[in-house]
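Only one chain is given next, in structure tokens, and it is the form predicted on its own.
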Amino acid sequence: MKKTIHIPIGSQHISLLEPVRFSFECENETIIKVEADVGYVHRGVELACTTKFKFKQVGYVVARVCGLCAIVHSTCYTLGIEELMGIEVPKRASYLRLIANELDRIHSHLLCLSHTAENAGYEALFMRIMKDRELVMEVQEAMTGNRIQFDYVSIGGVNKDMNSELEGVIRNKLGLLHQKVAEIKELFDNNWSLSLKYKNVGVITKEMAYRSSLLGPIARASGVNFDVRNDSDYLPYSELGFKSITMEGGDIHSRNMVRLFELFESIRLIETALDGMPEGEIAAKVRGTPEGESYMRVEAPRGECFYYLKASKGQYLDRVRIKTPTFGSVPGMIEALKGSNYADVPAIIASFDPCLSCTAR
């Protein structure tokens, strides 16, 4: 006998660490209808960037949009301003920016995988991944001065150079991290209750990914080979032989594995950048004020981060518009949840790695 029940989850819930609310209509254990409400955080960052802060300050403000991808936001904004002002960034600064962006990706992906393990009931693995994540956090602190909210990227370049001692620290800790990630991948590859049981759970087909305009690891796990690092020369990824990671399953397991393989690729990119680090200055001189409109895209850990800027030769910008990947992934989450068992909800949501505070600006 079927029994229809309505179950809310969020915006405060032990398995959902983000301010979003889902409402499920279930027949017994199967979800047949999903509604989502993302309107719980109002931060006013965009308005503040046009009324309270001058354009040279905005790069540090938008780094506070998201603690997990602070470098990505400051990079995206800074590239847009540099386009408006015709600033040519030194090649060494571009390499340093790439390293900082990939470190951002590593610590974000590790956090996502730790929550995935926690939602599967592996508290010990959650703590282990968080401990291993300390290696990249220490690298970020050594490189930028902070463990989080890095005021590293500036208009014209970066704020801190790299020396041989810092390079040695990065190589050593990333070498250790590579070993740790290989061990974590072994667990996700072979442990049934951690990851293998989630094959064919929370499936997003390639067609659904296109229809919902999904981005980042979510889309690539469904076979959509889209990565801004392939499509744009905003940083020297093509020079370092970047290759995007895709899988075909479109399920929780595939999303986990895409992130794991991307960790290896990010480590390789950083090491290759260190091998070929150009000599020269780390910042160009900044003169004048911005004028016109610019659009900029950067590949954040969750997908495409998009900035629109408008300026008219003043110290304050006319418009700052930010689009983060999580907002676009909500329709995909709804599709993945429909038809799934209610018990799989925490694992499905965790596999999307949502960041709603990043989305609310």
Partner chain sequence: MLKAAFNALKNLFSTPATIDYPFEKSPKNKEARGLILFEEPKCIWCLKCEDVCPPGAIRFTQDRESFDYTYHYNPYLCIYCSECVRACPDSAVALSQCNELSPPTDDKNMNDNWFKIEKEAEESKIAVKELKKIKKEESS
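Residue numbers count along the first chain shown, from 1. In this text, all values refer to a predicted model and were calculated from it rather than measured experimentally.
This protein has a second form, the form predicted in complex with its partner chain, left out of what is shown; the following refers to that one.
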Residue within 4.5 Å of its partner chain in the model of the complex by heavy atom, from K91, K243, K160, K197, is K160
Interface check vs its partner chain in the model of the complex: of T272, T289, S154, N119, the one with a heavy atom inside 4.5 Å is S154
Which of 99 to 107, 261 to 269, 244 to 252, 142 to 150 lies within 4.5 Å of its partner chain in the model of the complex, heavy atoms considered? The stretch 142 to 150
Practice task
Examine E279 and determine whether its closest non-hydrogen atom to its partner chain in the model of the complex is within 4.5 angstroms.
Solution key: no
_Considering non-hydrogen atoms and a 4.5 Å limit, does its partner chain approach Q57 in the model of the complex?_
yes
Would K33 sit within 4.5 Å of its partner chain in the model of the complex, counting heavy atoms only?
no
Exercise for review: Consider K313 of the chain shown here, and say whether it contacts its partner chain in the model of the complex, taking contact as heavy atoms within 4.5 Å.
Suggested key: no
